[in-house]
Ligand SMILES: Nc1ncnc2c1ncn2[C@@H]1O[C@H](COP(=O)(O)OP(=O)(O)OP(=O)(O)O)[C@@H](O)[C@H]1O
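Take a look at this one chain, the form predicted alone, written out in structure tokens.
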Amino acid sequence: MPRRIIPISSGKGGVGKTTFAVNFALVLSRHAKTILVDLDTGTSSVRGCLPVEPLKDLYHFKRKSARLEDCITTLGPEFDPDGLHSKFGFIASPKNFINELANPDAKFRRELAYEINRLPADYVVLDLRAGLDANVLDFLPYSNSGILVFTPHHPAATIAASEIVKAILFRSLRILFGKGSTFFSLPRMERYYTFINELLDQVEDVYDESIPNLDTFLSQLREALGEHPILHAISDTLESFRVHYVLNMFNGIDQGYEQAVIPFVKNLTDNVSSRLHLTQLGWVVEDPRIHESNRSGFPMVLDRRTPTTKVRPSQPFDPVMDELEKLESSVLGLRRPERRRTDRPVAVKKTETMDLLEGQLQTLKAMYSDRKQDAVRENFSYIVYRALNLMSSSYGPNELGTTQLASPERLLDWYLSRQTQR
């Protein structure tokens, strides 16, 4: 069973999501066994970015009853001469369009999620399709958005990335307050079913400005319910939610901040909540060689040397990783200030948009001052190091990725268990 499942998503196509997912998974595999799963089932982008032709893919899982782990393809010494990525494997989508896989029903998505939870790897990286629909949402964790990829060159995709965060949160709240939810077994909840769902309709409707975001939603609930356990549940959901993002095709602080970070953060605080935790994992510099690597099907982080006659079992010295491991996590912008808890969760002072933006700018500057000379390979080493740090036990299980893809029923169980612990 994987230690972490890490979805990679983007609001729209054209931001380099699959390129990022492939190279990220390859570098991650230098640290532990990693499987990349191509869930962009209509176009099979992953197989076009790697030099190996799979013998089995998701077609065989769906149509031929193959086990999902039997559909794993590895690189082999001809493409990995020094065995640096011997712990890497990938599961490709079909090479041709097949409607039942390109548009899978809910039953198949559940079957696939169940098998992903059982893959024999430390880390499973999911390359999701671009956009936002059930085929994306069903493979995103409830507690965070995995890793969002966007770029200063595609403003619409940046806004769409923030919409993914909104969609995950509202999916959780709709399950929590849906018909038949066991949450209504809490005191005084049944009478408020219609009221709460009407409020959710208003806050989710971008054309209705009466309740602009979930912070206002919480305030109105408090006026109606008083100090009710539901306020703690919603407040916990917002304050424990993690947003991790990477800037792709990065070419400097000014453009990255002005054209990507500002619109992303502003849309989140204006239309979702100012209580969310945002973490930049790093960036990937703009480099024409990335396009060439995609065209040739040979990822940037792979070594292009002629295969050797013997595969070295040990991992060679990596000066970039060695340097990063010596840095304190505070320098990398990983540590965040503790928020003071209160018995009145709605009364917690809101984090203003400008405060969040200032924090993101300072982190960007700190990373850039240390890493501005890095090329693409070093970018990925840096991002993976930060991801591994966040997934360590010291930061808690909800920090990045998920231990398993959970069903809606499990979400409800989690909420109720938290309330019984209070």
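Sequential numbering from 1, following the sequence displayed. Since the structure is predicted, the reported quantities are computational estimates derived from the model, not experimental observations.
What follows is about the form predicted together with the named molecule, which we do not show.
In the predicted complex, the named molecule lies farther than 4.5 Å from every heavy atom of residue 158. At a distance threshold of 4.5 angstroms between non-hydrogen atoms, residue 145 is out of contact with the named molecule in the predicted complex. The closest heavy atom approach of residue 138 to the named molecule in the predicted complex falls outside 4.5 Å. Though the partner is left out of this view, residue 40 does reach within 4.5 Å of the named molecule in the predicted complex, counting heavy atoms only. Contact with the named molecule in the predicted complex, judged as any non-hydrogen atom within 4.5 angstroms, is confined among 231 to 239, 281 to 289, 194 to 202, 214 to 222 to 281 to 289. Here is the short version: of 267, 294, 259, 274, the single residue with a heavy atom within 4.5 Å of the named molecule in the predicted complex is 294.
Shown here without the named molecule, the chain has only 130 in 99 to 136 lying with a heavy atom within 4.5 Å of that partner in the predicted complex.
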